[in-house]
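Heads up, the chain shows up twice below as C-alpha cells, two forms, tagged structure 1 and structure 2.
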Structure 1
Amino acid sequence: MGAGDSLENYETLLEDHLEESLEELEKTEYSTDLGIMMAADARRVSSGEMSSDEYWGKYDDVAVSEFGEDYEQTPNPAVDRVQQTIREETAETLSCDACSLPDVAEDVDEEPSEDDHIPQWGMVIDLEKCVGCESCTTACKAENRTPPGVSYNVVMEQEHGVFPNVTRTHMPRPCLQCQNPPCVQVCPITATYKMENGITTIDYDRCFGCRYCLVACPYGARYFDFGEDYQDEFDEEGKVEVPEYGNERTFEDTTGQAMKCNYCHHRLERGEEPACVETCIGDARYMGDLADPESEVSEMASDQRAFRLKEEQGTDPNMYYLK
C-alpha cells in the first residue's frame, strides 16, 4: 500500500465527516500529506502491520523539520512507564522528549501555586424539606451500581410522640465524610484514606476485606461486597462498567472489599453534583465547599438549626443537618 492509496482512503473517510476536508486541512501551516501519511501508518501500528519502532524511525527526522521545537519538547506517546510499545534504544535516538506523559504530568503537578484552593466537600441536608421519598437512595444505586445489600445512601425513618400526637422524620444518611474518620484510623493497610478534598475513599487495588472499617464506622456508612451482584439481570453479562470504579472495573473487581460513598467522586471530577443531591425532589440536599466561608453550605452549617450526628464520637463529620 503506497502513500497514494492512503490518501485516497483518507479522503473518503474525511469526506464522510467534513465536506471539503482537504481544503480545511490545507488551512494549517503544516503539511497535509505528512499528516495523512502518519495517520495511515499509525493505523498500521495499531493493527500490528508495523512496529512502533519502525514508525518512529520513519518519522522522527521529518517531524523535527516539520514541527521543530514543538515536537522536540513533547513526550512521545510510545514511551510509557507501564505499557511502552517502543524499545528503549529506539526511544533514546528520538529527537522528541523521551519521557512518558505521566512523568511530565508529575513535574507539572509538583508545586501547586499558592492560590490553588483545595475544597473541603461537605453536605447539608434540610430535614424540613426532606419528604422521605428515597429518590436519593435510588439515584445512588443507579449511579454507582452498588451490589445487592449495598446502599451508600439510606433514609432513616424515626417516629416521635404518642398517638395521636405523632410525627415522623426522615434522615438521609450518605457517608458523613468525617474529618477524623474512624474507618481510616483502623485500616491496617491504608486501603481507605482521606483525600485532600475531605472525601474518604477506598483503594480497590489494596483493600483485603477485613471489614474492620465496617465495625468502626459509628454511622453504619460502610458496606461490603460479599460477592452478590445483579449481573444476570443485564443483557451483557460481565460487561457493565461502573463509573465509580473507573473505566476498567467491573463488579468482580470489588468482590471481597469494603465499599462506601465517596460523594460520587467521578461526578465531582466532571464538575457535577453527587447523584443524590442532583436528584433530590425537594432540594433538601446541598453540596459545597466548607472551606469557603462564603459558600452556601458554610452559611447553612452555621445556622441555628444545624446539627451533626454523634458529635461525642469525635469524628467531626463534614455533614450537617438542619432541624
Structure 2
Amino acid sequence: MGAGDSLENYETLLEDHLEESLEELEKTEYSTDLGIMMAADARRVSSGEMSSDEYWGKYDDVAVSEFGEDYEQTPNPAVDRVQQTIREETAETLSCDACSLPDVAEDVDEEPSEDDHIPQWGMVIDLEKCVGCESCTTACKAENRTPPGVSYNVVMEQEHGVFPNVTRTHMPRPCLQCQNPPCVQVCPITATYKMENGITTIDYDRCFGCRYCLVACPYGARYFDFGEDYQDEFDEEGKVEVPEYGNERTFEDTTGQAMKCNYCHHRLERGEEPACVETCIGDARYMGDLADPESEVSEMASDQRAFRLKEEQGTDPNMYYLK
C-alpha cells in the first residue's frame, strides 16, 4: 500500500457518491425525509443495532400512508436466504403481504447444478495492479448499455502529496453485493432482493422508483434511470437490446427505476466472466465462488492483504480488495 493509500482514504473516496445519492433522492415524488430515516434504520438492521421486526413495526403504518397499494399488495418485508427476518407474530400485524424471499426470487434464480451446489459469487480487486485506466468502466457501459450518467463500474481517484512527491490512489467500485444489504431492507415492495447465488438484484417490473435504496447503500453504488438515452443506439422501433433487463429496452420500460451492477449476471449464466473482469488490462479483477474454499477468489479473500470497505457497518460484502 503506497503513501496515502490507507483504508480511511479509500473509504473517503466514496463520500462524493453518497452526496450524489442524496441529490437524486431530493427529486423523488415520495417523502425525502422518510427515505432518509428508513435508509438510516436499514443500515442499523445490517449492523445488528435494530431487528427487522422493529424496523417494519416502526414503518408499517407510514409505508401504507406513503405507498398505498404498492406496499400492501407486494411481498415484504425484506427476508434473508433461509427464512423471514421477522417473526410470524410480527408478520401477522403488518399491512403488507409478508413472504419468504425464495418465493420472490423463484423465477429469477439460476437452476441448481447437478451437485446442487449454488455458487456465492464474489469479486476480488488487486489495487496494486489497478492502473486507473477505466477499461472496466468502458466495458461495463458497452455491455449493459446504461443510460447517460449511469456507470455501474467507476474508478475513483485521489491524489496525495505535493509535486514532485505525488502519489495517486485508484479504487474501482462496482456493487459490493452485500450479504446484509440495507438496500434490500429499505425497499418497501421487495423490488430489490438477494438471489441464492449471493447477487443483489432488482425486479424492474416491480420497482416504482422511490429511490430510498440509493441513500441506504453505504457505498453509493445505486443509480436512477431518468429516461435519458443515446439516441443513435436505438433501432427504427425505438428499442435497444440490454442484457440486464432480459429484453429490449424502451424508454417506457426502465424510466423511473433504480439501477445497479449485478456482476453481469447474464454472462455468469453463460459461464462467462463479467465484462469488467474480462477486459481488465492489468489483470486486477478476479471473479469466482466464495463458497468454494479452493477457488482462487476464496484464497485471495483470505490473504493478509485483503480488506473490505466499511466492515463495521455489518453489510458483509462479497467484494474484496487487496492492498
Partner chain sequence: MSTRSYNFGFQDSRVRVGWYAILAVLLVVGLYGLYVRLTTGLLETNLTAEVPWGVWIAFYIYFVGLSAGAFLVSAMANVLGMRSLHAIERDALFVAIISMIVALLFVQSDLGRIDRSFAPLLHRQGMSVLSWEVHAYAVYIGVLTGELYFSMRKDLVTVSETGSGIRAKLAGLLTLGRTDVSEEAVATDRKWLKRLGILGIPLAIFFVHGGTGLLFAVNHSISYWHTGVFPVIFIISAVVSGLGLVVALYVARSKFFGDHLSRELLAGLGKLLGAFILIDIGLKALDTLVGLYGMSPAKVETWYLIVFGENAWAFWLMVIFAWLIPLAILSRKRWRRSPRMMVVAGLSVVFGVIGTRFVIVVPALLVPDMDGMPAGVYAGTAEEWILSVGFIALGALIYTVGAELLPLKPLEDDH
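Since we're looking at a predicted model, the values are computed, not measured. Throughout, residue numbering runs from 1 along the sequence of structure 1. We call the rigid core the largest set of C-alpha positions that still match within 1.5 Å between the two forms.
Given structures 1 and 2, which represents the form predicted together with the partner chain?
-> The chain shown first - structure 1 - is the form that fits the description.
Residue 220 C-alpha relocation of at least 2 Å between structure 1 and structure 2, rigid core basis | Shift of 2 Å or more: no.
On a core-based superposition, does residue 20 travel 2 Å or more at its Cα between structure 1 and structure 2?
-> After core superposition, the displacement of the residue 20 C-alpha between structure 1 and structure 2 reaches the 2 Å mark, so yes.
Is residue 44 one of the residues whose C-alpha moves 2 Å or more between structure 1 and structure 2 after the core fit?
-> Superposed on the core, residue 44 moves its C-alpha 2 Å or more between structure 1 and structure 2.
Let me know the CA shift of residue 30 between structure 1 and structure 2 in Å, rounded to one decimal, core fitted.
-> The shift comes out to 63.3 Å.
Core-referenced Cα shift (Å), residue 160, between structure 1 and structure 2 = Reported C-alpha shift between structure 1 and structure 2: 3.0 Å at residue 160.
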